[in-house]
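Just one chain follows, in the form predicted on its own, and it is written as structure tokens.
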């Protein structure tokens, strides 16, 4: 007869250290299993950790021993037993089993320990998330998101949510997702920046954090059609202050991950030394200096063109930490970017390029605060003036110098985890050729 589990505390695996010598019930899924005569060794996972559950024939009912021998991968089970210390295991504890209850059988689980192709794993992304590697990535992602919120909340910023439906473009009209909005047209947001500029006039220091959408027909390892971005905006801040903020912010995130997610980094076999090198100050170079670096490395780029992934990789390889590239040609930047008063052919903008070839993780700069100049910029880009009337009001009624940036969460996760492709950095990625699961 199976022993009742109702009289024993139900705990999570991450809590077992507090129950050494006590009988508890764990509930989770069978991660792996091996058997040896009168013993079954069950690897149980519950989302908080993995623990070995030792089933000895003499300690359990015969029916429970048979159940342990036939449980299939990823079946859900409840296991009752005594928590014991085990210095050989990564967790440091194991469970000496007294009884087992099969809760939900998993028949022919698709993802077996053998190798699977990326397309197969992406088709089964909802199950792939259960693997130790994906589990580690998503936990690091969650830590990065927590660090982002903590940084801004602790430094006087107010969270101001930007809308998902917008009447206008922010980053150019060629990569907008258009949708019907009753009798009108709307677009999925490319950025909350314009709204944060209005928020900065209300709160001084504001940020938004949410999903953004770019209909870019790109299949590179750095692009998603839906990704998450955090966008701070600060009143009375110039480009220099913006770069200081970005630098301090990224250092905070990296240190938080190193402090709290070393076990997950170990699962990913991440080179910790490279992350420990991420300290202030970051190198700061101008666009012209970046062009010179490319020329020296036999990758010439005509002056006035933007940098792609290959160029960013060559530049980042010169440094052991993120590099800030500032003052790009004004003509290749958005209409809202302020020109450098010392040389108007340059914009007061900045991109932060992550080391090890992970590309741009931050883009930002000082915004144009002169009404007439902004009007001329909207006209020059052939944008519908009526869609920006509200944005122009920020200049009409108490204009002020201000600056900000956007940090892409997925590229940051890819960099800190050492991943080759951003598709693993988000639970359910959206790519040009993927809308499911």
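Residue numbers count along the first chain shown, from 1. Because the structure is a prediction, the values reported are computed rather than measured.
What comes next is about the form predicted in complex with the RNA, which does not appear here.
Look at 223-231, 271-279, 321-329, 245-253: in the model of the complex, residues with non-hydrogen atoms within 4.5 angstroms of the RNA sit in 223-231.
Shown alone here, residue 108 lies within 4.5 Å of the RNA in the model of the complex, counting heavy atoms only.
Taking the partner from elsewhere, residue 104 is found to have every heavy atom lying beyond 4.5 Å of the RNA in the model of the complex. Remark: residue 342 does not count among the residues lining the RNA in the model of the complex, judged by a heavy atom distance of 4.5 Å or less.
Using a 4.5 angstroms limit between non-hydrogen atoms, residue 360 touches the RNA in the model of the complex.
Think of it this way: in the model of the complex, the RNA has a heavy atom of just one of 216, 150, 289, 238 within 4.5 Å, and the residue is 216. This chain appears without its partner; in the model of the complex, the one residue of 260, 116, 125, 130 with a heavy atom within 4.5 Å of the RNA is 116. Contact with the RNA in the model of the complex holds for none of 139, 356 and 370, as no heavy atom of theirs lies within 4.5 Å.
Within 4.5 angstroms of the RNA in the model of the complex, the stretch 39-64 places a non-hydrogen atom from each of 39, 41, 43, 52, 54, 56, taken in sequence order.
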